[in-house]
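So this first bit is one chain, no partners, the form predicted on its own, shown in structure tokens.
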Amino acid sequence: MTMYIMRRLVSTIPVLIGVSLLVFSFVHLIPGDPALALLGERASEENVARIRERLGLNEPLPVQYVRFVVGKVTFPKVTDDMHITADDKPAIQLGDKVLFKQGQKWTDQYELVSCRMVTSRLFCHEGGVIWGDLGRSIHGNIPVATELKRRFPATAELSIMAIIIAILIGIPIGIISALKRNSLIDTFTMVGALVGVSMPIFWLAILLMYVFGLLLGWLPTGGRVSVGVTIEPITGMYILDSLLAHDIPATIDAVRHIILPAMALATIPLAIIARMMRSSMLEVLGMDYVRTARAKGLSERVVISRHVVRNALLPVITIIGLQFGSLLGGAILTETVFSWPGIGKWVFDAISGRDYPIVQSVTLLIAVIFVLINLFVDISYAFLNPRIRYDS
């Protein structure tokens, strides 16, 4: 099992390289100019050219891709007579700039350059995904990694809640529908699943807000917590953080705020899981080992729980993993309608503003999540089906 996991992790490297290359290419095929989007339609050609040069957009695409992955690496000249500033901070000459050491980083009044010691020589890198530096956004010049770290927990919390709702409702519906095949219950549940798949998320979100928020007044219609409620951030997930702090009122408030957006987001995965569970159950119910179990005199409950459901869950787990990855990357409409401060609305605004670093970084993160989820799903097969082994 360990060797299998290691091989899978190593095989993700070319996958991520390919994804980063495709994302970079597709993003730069989007019509429009980031410099023009930043300055406005009436900006002069000189200003647009200056911004394009500052952002590195005037360079060839292969050079821009290498800079996105590796960053801008420079080798400053380090001499024995490095002078000391008035603040008693060492400084080095980098081109036509003097860099002053502040903590573990070198900086001047214009830019911040991260430095590392390699083979007794100092090299500096600016940006680069392999260093964990996702660059800075074009609009606002905000570090993408910092903003992603702030926003991602909100999307993760919403997606986790949505997939939990989809699993807790979808799997029992699929089981009941398969056991009551061609009955009124089966017809009703499958029609409901078809409607759930076909229903636009934004329309359902608005309907839920209108019914449960405005007409009945049971649940809030936006935000993560009510005004005046303060939750000390630990993981960034408000429900978990409030539980860790033993703040029950804040937990209840966070749960009330997440119910409507989670229900709207869970509709499509719920319907897909229910349909897949029903189909898988019907296939397993016709297997020889199920008939043998019944012929041995086992009760129907034992046959269904130990022999049918467990084997029917294998394809369903694959669907659950893929749907969870889709929720993380596709919650744009739900987050927009419910004013949920996650990465969905952030990416939508970045696409509209041609903010390449944000789009590229978030897409690469979603690709990494998909790869890890698929690995987790494959490993879980061995626990659900003893016949599956990953020893070789």
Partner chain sequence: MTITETNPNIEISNRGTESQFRRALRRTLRTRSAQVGLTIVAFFLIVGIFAPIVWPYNARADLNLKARLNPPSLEHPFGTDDLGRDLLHRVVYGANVSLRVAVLVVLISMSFGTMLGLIAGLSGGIVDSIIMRIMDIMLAFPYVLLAIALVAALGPGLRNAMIAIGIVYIPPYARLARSMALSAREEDYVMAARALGAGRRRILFTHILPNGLSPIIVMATLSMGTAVLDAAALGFLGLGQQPPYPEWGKMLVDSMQFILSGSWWVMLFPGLAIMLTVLGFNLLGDGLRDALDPRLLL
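For the two forms, the rigid core is made up of the largest set of C-alpha atoms that agree within 1.5 Å on superposition. Numbering follows the first chain given and starts at 1. Values in this document were obtained by computation on a predicted structure and should not be read as measured data.
Keep in mind that the form predicted together with its partner chain is not shown, yet the notes after this line are about it.
Visitor: Is residue 341 one of the residues lying within 4.5 Å of its partner chain in the model of the complex, judged by heavy atom distances?
Guide: No, no contact at 4.5 Å.
Visitor: Is residue 276 close enough to its partner chain in the model of the complex to count, meaning some heavy atom within 4.5 Å?
Guide: Contact check for residue 276: yes, within 4.5 Å of its partner chain in the model of the complex.
Visitor: I'd like to know if residue 356 sits close to its partner chain in the model of the complex, meaning any non-hydrogen atom pair within 4.5 angstroms.
Guide: Answer yes; at least one heavy atom of residue 356 falls within 4.5 Å of its partner chain in the model of the complex.
Visitor: With a 4.5 Å heavy atom cut-off, would you call residue 64 a contact of its partner chain in the model of the complex?
Guide: Contact with its partner chain, no.
Visitor: Please state whether all three residues 26, 194 and 206 have a non-hydrogen atom within 4.5 angstroms of its partner chain in the model of the complex.
Guide: Spot residues vs its partner chain: full contact, yes.
Visitor: Quick check on this chain: which one of 48, 57, 69, 367 has a heavy atom within 4.5 Å of its partner chain in the model of the complex?
Guide: Checking each option against its partner chain in the model of the complex, the one that comes within 4.5 Å is 367.
Visitor: Within 4.5 angstroms, counting heavy atoms, which one of the listed stretches 208-216, 166-174, 222-230, 303-311 is next to its partner chain in the model of the complex?
Guide: The contacting stretch is 208-216.
Visitor: Any residue of 186-202 with a heavy atom within 4.5 Å of its partner chain in the model of the complex counts; write them all down in order.
Guide: Sequence-ordered list: 194, 195, 197, 198, 199, 200, 202.
Visitor: Once everything's superposed on the core, is residue 357 shifted 2 Å or more at the Cα between the shown form and the other one?
Guide: Residue 357: C-alpha displaced by 2 Å or more between the shown form and the other one.
Visitor: Superpose the two forms on their rigid core, then report whether the C-alpha of residue 12 is displaced by 2 angstroms or more between the shown form and the other one.
Guide: Yes, residue 12 moves 2 Å or more.
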